[in-house]
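Taking the form predicted alone, here's one chain by itself in structure tokens.
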Amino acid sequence: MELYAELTRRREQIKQMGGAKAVAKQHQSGKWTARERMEYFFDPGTFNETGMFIKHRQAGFGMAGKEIPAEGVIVGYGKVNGRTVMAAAEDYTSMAGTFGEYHGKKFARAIDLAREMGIPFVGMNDSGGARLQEGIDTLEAYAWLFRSQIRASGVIPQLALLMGPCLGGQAYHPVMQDFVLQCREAGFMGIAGPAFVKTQLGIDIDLQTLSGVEAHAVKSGCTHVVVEDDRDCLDRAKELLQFLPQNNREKPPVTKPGEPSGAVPELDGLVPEHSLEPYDMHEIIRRLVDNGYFFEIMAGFAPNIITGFGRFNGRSTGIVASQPDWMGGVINCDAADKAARFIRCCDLFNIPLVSIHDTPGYMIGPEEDWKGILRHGSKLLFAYIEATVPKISVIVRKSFAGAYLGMCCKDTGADLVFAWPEATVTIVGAETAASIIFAKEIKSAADPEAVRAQRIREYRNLYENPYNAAERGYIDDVIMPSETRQRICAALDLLENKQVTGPWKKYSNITL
């Protein structure tokens, strides 16, 4: 039938995207096409495309009659690991995947539909930026996209995959999603490209330095996961989705437990006894989670704190841990921002939290004070206190001053707090306390050093241990390190159906 033949012809023409030459150029640059990405991402045979025939309506500046297959963005839904997901992939072979009015309309509608259906949304960014030929219509389309994704924020998980350039106003799009995955060589994100920076500011800088992985995974904190190429990016996105629920009304998926929740003998004695001796907290995390599998988030940014996902008896769990191997595990502005945002994300999607800490406190000094450690540091308090998911804290060694509060103590949100025998839970170290409390006595003593040593010893014996806090009920139990995994698993069982009812309000006025 001629009508059917016409449909087939039109479909096949659109599926050619920008044509063989443009596709070959995409491959030469080390990137897959948008359709190849979709085919690999979705379970075989499950992808359903929508909006294939959408076209722009512009006529000025050479746009009259210009064909842009699928408006430069492939949109559709299907199964990923057996669960329904909505996705949009920008097609760089079609007018460089530029963002115009109907490109934006397709993108925004996909997010709206994902929100309405309660399924995750994944955006694959690979675009030359704004379609300037469409003027105000392009600008307004950005507003549609931003409105759609902000309305969906906290309702469904949103992942942004930087698989090519994402520059200009469009770059706000990925950073407002829940997680950003950036390809090491091909992914770029920035408010302006090198040419514009040169024109406006007179600064010569290349795209990789300005907008690459070093810029965002290490310096700005905009990128959550660095990946090697398209295949790795899509594989990692699939892994991440397995830790997340479909929407904020569901609990995360539970996998079959990979190992028993019993004792882990190798944890005993793993932490150095001397409180200033560093060690890698990853070694503890890997011994606690199922099968040693830990999906780290923002590994390169503020590495003095660790965030990521693991499983306990198959349960998806968010982990926040100080890192004594970097800056001694002190909490600075960037570390507080990183942890608070992750905590809030876990809370939005009903993912329990386990906090493991060994930290001397918040960073002091003029640089951090002027940068705003007070307002940044308080984000941790907001995040933990407001979170209604199960919260379990494990104090491994140092827990001093504000960091004791900021890393989720009993009265800043923890449902259960455990401490290892090595734990020192106190407002300040004994040396500092003695030098302040007994300053006059030490100064006037016949033997100042002897008095100082005696007072330090007294303070240490009284406070630099977990037992004083346990006596007050601030710590629920002092446990052997080897018992930690079993106690966390049992606590998660206990807190499975935790319910919290708070006062009515729109939201807290969190510090910026």
Partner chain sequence: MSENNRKTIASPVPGKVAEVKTKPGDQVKRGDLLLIVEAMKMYNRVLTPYDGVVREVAVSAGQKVNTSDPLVVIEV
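Numbering follows the first chain given and starts at 1. Note that the structure is a prediction, hence the values are computed from the model and not measured.
One more form of this protein exists, namely the form predicted together with its partner chain; it is left out here, but the text below deals with it.
Within this chain, Asp206 is remote from the site of its partner chain in the predicted bound form, having no heavy atom within 4.5 Å.
The closest heavy atom approach of Gly308 to its partner chain in the predicted bound form falls outside 4.5 Å. Shown alone here, Gln133 lies farther than 4.5 Å from its partner chain in the predicted bound form, counting heavy atoms only. In the predicted bound form, its partner chain lies within 4.5 Å of some heavy atom of Met363.
Of the candidate stretches 394 to 402, 288 to 296, 167 to 175, 235 to 243, only 394 to 402 has residues with heavy atoms within 4.5 Å of its partner chain in the predicted bound form. Between the options Ala186, Val330, Cys409, Cys333, the residue in contact with its partner chain in the predicted bound form by a heavy atom within 4.5 angstroms is Val330. Contact with its partner chain in the predicted bound form, judged by any heavy atom within 4.5 Å, is made by just one of Ala195, Leu276, Leu201, Ile436: Leu276.
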